[in-house]
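Presented below, as structure tokens, is a lone chain in the form predicted alone.
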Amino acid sequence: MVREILLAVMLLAAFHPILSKAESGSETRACQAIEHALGSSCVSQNPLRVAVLDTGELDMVLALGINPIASTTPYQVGQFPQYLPTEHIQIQSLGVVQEPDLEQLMRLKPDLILGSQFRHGRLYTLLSSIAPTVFSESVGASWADNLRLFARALDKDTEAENLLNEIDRQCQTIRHLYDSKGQPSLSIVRSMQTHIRLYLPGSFIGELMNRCGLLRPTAQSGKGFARRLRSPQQIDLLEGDIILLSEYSPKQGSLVQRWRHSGFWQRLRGQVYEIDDSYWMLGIGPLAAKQVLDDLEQIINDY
């Protein structure tokens, strides 16, 4: 808290000359009011220096044809998800999602910041003093609405609708294949270091399954984001005709590896397919969705 207060003082001091110049009428830029989760922000009609605060926003702006100047990363500073086309783009690191480097962000002088109230609501006042900031309310299941919100801020509404229509067409293709296979239930499992998650409809991947009309096991239906399991005695809750298994940063340890060496693992009857955590779980955007659907089409075809 002390660090944030000090940073606020720095920001106000740094931006005082800019505010005075704007008030004098010597420099004005046309902007449009964008309504979002924490109010309304006046965004330049052609933002050129866009900074993002999470992997979902990074996925979305790249899908909309914008190369951001800066972004946070999921768990290692400067390590962007491998599925994203970032290798030939100069994107400055803002540290990890949980603690964005606001001093670095201030030095980069963005003209638009994109993020979410869920992740960084506590920082909104500070961020808004750096640049116009547009926040979605949440992340995960709201990814399509978030895409539309950020597209409005970037004047890319048509591009966003084209992306969503393309995903829906891919869903239709998968649904026809899925029906021909007898509609197997899809269990979505993610292993963390201390627990295992079963993803529910209130998650990005749960919404994508619903969008395509794919059925889930009873243990993974209903409301909510995810169920958390800590004992291999709960192994039956992983069951499904198809079990889709990802591991978050397995080099740091993965609980499912211990479960696989327990006698309980043999109780599972479904076919287990390992999936890429970087876009199935961390992506939360249209580029991730397309790769998830590519995987699903192959997995269902092989079932």
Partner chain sequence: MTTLTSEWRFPGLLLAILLVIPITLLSGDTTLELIDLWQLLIGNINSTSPIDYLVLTELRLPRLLAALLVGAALGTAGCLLQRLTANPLASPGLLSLNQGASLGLVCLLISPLPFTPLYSFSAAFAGASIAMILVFGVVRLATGGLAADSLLLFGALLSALFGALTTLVLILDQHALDAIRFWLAGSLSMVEPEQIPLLAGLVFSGLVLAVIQCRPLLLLETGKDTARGLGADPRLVLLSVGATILLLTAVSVAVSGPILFIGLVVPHLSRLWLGNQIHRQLAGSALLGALLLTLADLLVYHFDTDDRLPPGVALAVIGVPWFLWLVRKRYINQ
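None of these values were measured; they are calculated from a predicted model. Numbering follows the first chain given and starts at 1.
Same protein, other form: the form predicted together with the partner chain, not shown, and the subject of what follows.
So which of 90, 98, 218, 194 reaches within 4.5 angstroms of the partner chain in the model of the complex, heavy atom to heavy atom? Result of the distance check: 194.
271, 32, 249, 67: which sits within 4.5 Å of the partner chain in the model of the complex by any heavy atom? Of the listed residues, the single hit is 249.
Counting only heavy atoms and a 4.5 Å cutoff, which of 256 to 264, 51 to 59, 35 to 43, 238 to 246 contacts the partner chain in the model of the complex? Selected range: 256 to 264.
Can you work out whether residue 228 and the partner chain are in contact in the model of the complex, taking contact to mean some heavy atom pair no more than 4.5 Å apart? Result yes; residue 228 sits at the interface with the partner chain in the model of the complex.
Examine residue 232 and determine whether its closest non-hydrogen atom to the partner chain in the model of the complex is within 4.5 angstroms. Although the partner chain is absent here, residue 232 would touch it in the model of the complex, with heavy atoms inside 4.5 Å.
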